[in-house]
Each structure stands twice: as structure tokens, then as C-alpha cells.
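First comes one chain, alone, set out as C-alpha cells in the form predicted on its own.
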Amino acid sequence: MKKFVNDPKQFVPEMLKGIALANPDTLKYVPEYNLIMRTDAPNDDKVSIIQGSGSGHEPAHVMAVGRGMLDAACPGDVFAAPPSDYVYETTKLLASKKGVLHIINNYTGDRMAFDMGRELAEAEDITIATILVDDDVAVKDSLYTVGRRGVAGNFFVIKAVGAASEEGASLEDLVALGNRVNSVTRTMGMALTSCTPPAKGSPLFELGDDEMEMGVGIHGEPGRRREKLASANDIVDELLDACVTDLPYSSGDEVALMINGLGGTPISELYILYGRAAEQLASQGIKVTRSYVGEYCTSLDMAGASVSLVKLDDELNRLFDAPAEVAVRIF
């Protein structure tokens, strides 16, 4: 393993400290709870929005904290859900008169941690609501989930509810909005290589030089199948078809198209995938009016990519256009 790492056990805390030091005017680091939060939070004029999940998926989620996005994120260790007390203490620190919104990616550990943290906070009369993100079409159940996984489409939920929260939307309205965004978002990913967690020091799984994993999860969970490496066009065609046919998206729809890198894929290769995907959608009468190419939800240093589609309407276009300020300028 060759990584910029000191003590693997301090990998996450040192990363979080660095994020806060790079953004001293806007972000605060609370080491006791692996917490990155806005320096101006909580604000009783808006709902506080919190996410957790494991580390290793950056910029998700700690680098999506800021105005118009998350108010706080409390990740666990690499690929591990946050402890329930992190969720509980974060919720208390971010408690607002308008309530607290938990956004949870559909992984068993994340759901358990947030369920327990919410119950503890609700016992102290904090009003909390939950949005569950499950945009991955690759598999229904995996090693980590009951039902579909929450992956890169999570960022569209964050962006929409973050913008609406800044406008003063109620907790009830934010839940309805987030669920609606999730309902029109579909994602599927694939891997060319494995990834190497710092604490493990070796690849999480093995892929041959001539193999790829279609439908892989962002923690290295098995996907639909392992097969021989194909061309970029063939890969993106399969990922795109899985998303388009699942909703399904239809001729005349306007969509946002995201090509998300999993941590070890050059941006040049992501644009090759984007070009093919955009052309294929156009041939089906599906109009791409918003484009996102880069790293949004990664898997450490995994070479691979995912495709996400969001069916757009006037409200979503307005919310996606709203200002946002985060540590990594991704929207």
C-alpha cells in the first residue's frame, strides 16, 4: 500500500481536521463525534440537515457541508456507519426550532445508527424527520443493505432539500421534496479495480487485469456479475440502459446526467463516458439539460464510475440552480 497516511487509525480524524483548517470561516470540526458542521449552525429560521454514513466516499458527505447543502455530517470510520452516539450528539448540537432532517443512505448500519440516535434525541423533545436514499438499480439487496443501496444520487437529494431549507421550507415539505427527488433518480456503477482501505492495507477484493465488476457497490460489494473488460461505449451503454429502463425515463423527458468517478478514474475518462451517454440519451429523445462530471461519491481509490439520471421539472431546476457553498465546489 502506498498512501499518504500516518497512523491508519487516525486517517479519518486527520482528514476531518484538514477540511476544517482549510475552511476556517465556514466549517467547524468537533473531534469527539467526527463532526463537520457549519460555523453558523444551528439557525432557528431553517431546518438543520444532517448526514452520516462511512468515510472513504469523499466528497460525500463531509465535503458537502455548507450553505445550501448539509448543515453537518458525522461519518464513521472508513466504510463504517457512524456510532449512534455520534448521530445523537450531532442532532443535539444542530437542533433547530424548525426541526432536524436526517438523510440516510440505505445501508443497514447507517439505518441502525440513525434510528437509535433519533430515538435518543426525540426523547429530549427534538423534532426529527428522515429521508432514505436508495437510487442504486444494480441489486435489490447486498451485503450491507435491505433493499436498494444509496449511492451518488444522494447528492441531488442534498442539493434540493438544502436549497429549500435555506428558503425556509418546513420539515414536512423537505421530506416530501427529498422523497420526490429520490423517486426520480436512478444510478448504477461499475469497477475496473478494487480499493485499499488504509486500516486493511491491501485491496478489499481481487479483480483480474482483464475483468470488471458490473453493478459494484461503493464499499466493494458484489454487483450483478463479474465479466471480461469491455470498451468504454459498451460499459456506459449497459449502465445507462439499467437506469433508463428502471424508472423508466421516456422520450421528451428532461434529465440531469451525472458521471461520477469512484476515486481512481481520470477526469478525461469520465468525459469519454459522458459523451457516449449524452449521445445515447439524445437518440432516445431524452434531453440532457444539466450535466455533472467528476467525483461526488467515491470508494477511496477505486477505478470505476457510476451513471446517475434525474428526471427534472421546473422546481428541481430552480433548486439545483440555487447558490451553494461547500468545501469542494461540486455544484
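Residue indices: 1-based, along the sequence shown. Note that the coordinates shown come from a computational prediction; the quantities given were computed from them, not determined experimentally.
What follows is about the form predicted in complex with another copy of the chain, which we do not show.
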> Mind checking whether each of 134, 254 and 316 has a heavy atom within 4.5 Å of another copy of the chain in the predicted complex?
Replying inline: no
> If you check 91, 182, 193, 145 against another copy of the chain in the predicted complex, which one has a heavy atom within 4.5 Å?
Replying inline: 193
> Of these, 162-170, 99-107, 209-217, 81-89, which stretch puts a heavy atom within 4.5 angstroms of another copy of the chain in the predicted complex?
Replying inline: 209-217
> With the partner left out of view, is residue 272 within 4.5 angstroms of another copy of the chain in the predicted complex by any non-hydrogen atom?
Replying inline: yes
>> Whether residue 45 contacts another copy of the chain in the predicted complex should be assessed with a 4.5 Å heavy atom distance threshold; does it?
In response: no
> Heavy atom to heavy atom, is residue 34 within 4.5 Å of another copy of the chain in the predicted complex?
Replying inline: no
>> Using a 4.5 angstroms cut-off on non-hydrogen atoms, would residue 283 count as touching another copy of the chain in the predicted complex?
In response: no
> If you look in the predicted complex, which residues in 1-20 sit within 4.5 Å of another copy of the chain (heavy atoms)?
Replying inline: 1, 2, 3, 4, 5, 6, 11, 14, 15, 17, 18, 19
